[in-house]
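First come two forms of one protein chain, each written alone as structure tokens, so that there is a structure 1 and a structure 2.
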Structure 1
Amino acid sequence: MSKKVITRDEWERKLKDVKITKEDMNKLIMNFLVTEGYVDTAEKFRIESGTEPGVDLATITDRMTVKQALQSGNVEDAIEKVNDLNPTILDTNPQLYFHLQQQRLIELIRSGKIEEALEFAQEELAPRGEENQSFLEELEKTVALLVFEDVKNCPYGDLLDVSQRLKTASELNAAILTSQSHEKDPKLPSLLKKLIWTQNQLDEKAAYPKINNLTTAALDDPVV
């Protein structure tokens, strides 16, 4: 089946015809900054572009201190802060609470406090597994870390990655946003996903200048 071929010139011409307003783009950026919690940047952007954040920036600050505490590995501090912000969040999100406890254990293991880690696993994490069977698998993986000498290179070593902290931080951020009736996902990633999906669909029908690198957004010539 021969596909239709669209040259770079044709493509760029078509793209030029699509109109997007600056206001819309600014709103997208503001939405991203607010959802991800970049308060200072949001404030500066508000001043420079005149785009309204749509939320009280003070609430973002609260959220950000929680996120930062977690990203620096101070899980207990993050828990206390989120409980100050809204005590119902962790009470109504058992999976999130489990992940936070799990992160506490990971941090104890990371800093080599094995005795404390064992005690914590027994006192705090084991009950979570009893309260809810669906946590058992992840629980076992985390506790298994205690068994290995070289933790970083063991089968579950990726739990010690910073990315794990970020994952939990993201989960916590989303829960806070939901409790404040905000959308928990920024719109920008969804747009990018849509772009990739659309290109995949078009791939079946045509050869055209494609964006393969989302960060540069460069148009690669059509493969004929």
Structure 2
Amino acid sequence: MSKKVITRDEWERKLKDVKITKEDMNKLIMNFLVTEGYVDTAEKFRIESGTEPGVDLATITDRMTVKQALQSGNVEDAIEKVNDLNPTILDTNPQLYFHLQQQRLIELIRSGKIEEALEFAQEELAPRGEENQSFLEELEKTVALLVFEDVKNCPYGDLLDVSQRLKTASELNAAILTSQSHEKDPKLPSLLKKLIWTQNQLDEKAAYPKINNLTTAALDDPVV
């Protein structure tokens, strides 16, 4: 079955029929800056474009301070800061609180504080594991780090990677955003994913000018 061929001229005419206002584009950019925590850039963009952020920019600074503390491994500091920001966040999210405590255990193990880590696991995490099977499984994986002299040989050694800190920090960041009635994820990456998915679907039916480079958004001529 031959594919329909859409020329560049025809495709560009269709694109011109799609009306997207500059105001909508500015809102999309501001949403990204606010969600990702680029407070200085958001303030400059507000002044230049007249686009309001929809939140107090000071709360972005507070949120980023919490996130950065966690990314640095200062879990206790992050917990204290988020409680100062909004104490109900952790009170109403037991999974997030468990993951923060799990990260605190990981940091103790990373620092070689074995006895303190075991005591912390027994007193703070084990009771939560008894109440929740998934928590128990995560705790067992974390405690397994103590069994191996060389964590490279531990199947759960990736818990000590920086990526684990970033994962927990992202979860906390999303919870703070939700508490502020803001989307937990920026809209722009989601729209780009939809673009890629739509193009993949269209590839099966037609040859058309396609965006292969998302950085430049340049249209490549259809491959016939």
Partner chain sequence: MPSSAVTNRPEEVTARLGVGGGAAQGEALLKALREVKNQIIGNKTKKLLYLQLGAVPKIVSVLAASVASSLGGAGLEDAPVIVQAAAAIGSFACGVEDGVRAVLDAGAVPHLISILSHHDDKVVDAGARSLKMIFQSKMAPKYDVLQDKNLNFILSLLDSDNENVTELAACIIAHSCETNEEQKALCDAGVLQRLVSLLGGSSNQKDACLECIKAVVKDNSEVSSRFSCIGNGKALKALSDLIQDRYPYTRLLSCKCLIAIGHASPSYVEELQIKTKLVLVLAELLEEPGRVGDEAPFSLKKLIADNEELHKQALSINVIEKLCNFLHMSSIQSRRLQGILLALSELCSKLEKCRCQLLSPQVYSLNLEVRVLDLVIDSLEHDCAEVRAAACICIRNITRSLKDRLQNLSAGSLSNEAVVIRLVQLLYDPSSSIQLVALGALCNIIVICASRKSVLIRCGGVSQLVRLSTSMDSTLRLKSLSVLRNFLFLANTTDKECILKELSLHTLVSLLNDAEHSIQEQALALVNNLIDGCSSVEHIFTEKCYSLILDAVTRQLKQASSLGVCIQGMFVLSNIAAWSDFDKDSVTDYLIAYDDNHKPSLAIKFLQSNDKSLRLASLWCLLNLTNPSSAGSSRRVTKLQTAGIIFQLKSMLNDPCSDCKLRLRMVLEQCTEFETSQP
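For residue numbers, the reference is structure 1: its sequence is counted from 1. In this text, rigid core is short for the largest set of C-alphas that superpose within 1.5 Å between two forms. Owing to the predicted nature of the structure, the values given are computational and were not obtained by experimental measurement.
Form assignment for the chain places structure 2 as the one matching the criterion, namely the form predicted on its own. Both Met64 and Tyr156 lie in a single rigid part of the chain between structures 1 and 2. Think of the chain as two rigid blocks: between structures 1 and 2, the small block swings through 20° with respect to the big one. For Thr21, the Cα shift between structures 1 and 2 is 5.7 Å when the rigid core is held fixed in the overlay. The two forms, fitted on their core, place the C-alpha of Thr41 3.1 Å apart, compared between structures 1 and 2.
Here the two forms are laid over each other by their core, and the C-alpha of Glu12 is off by 8.0 Å between structures 1 and 2.
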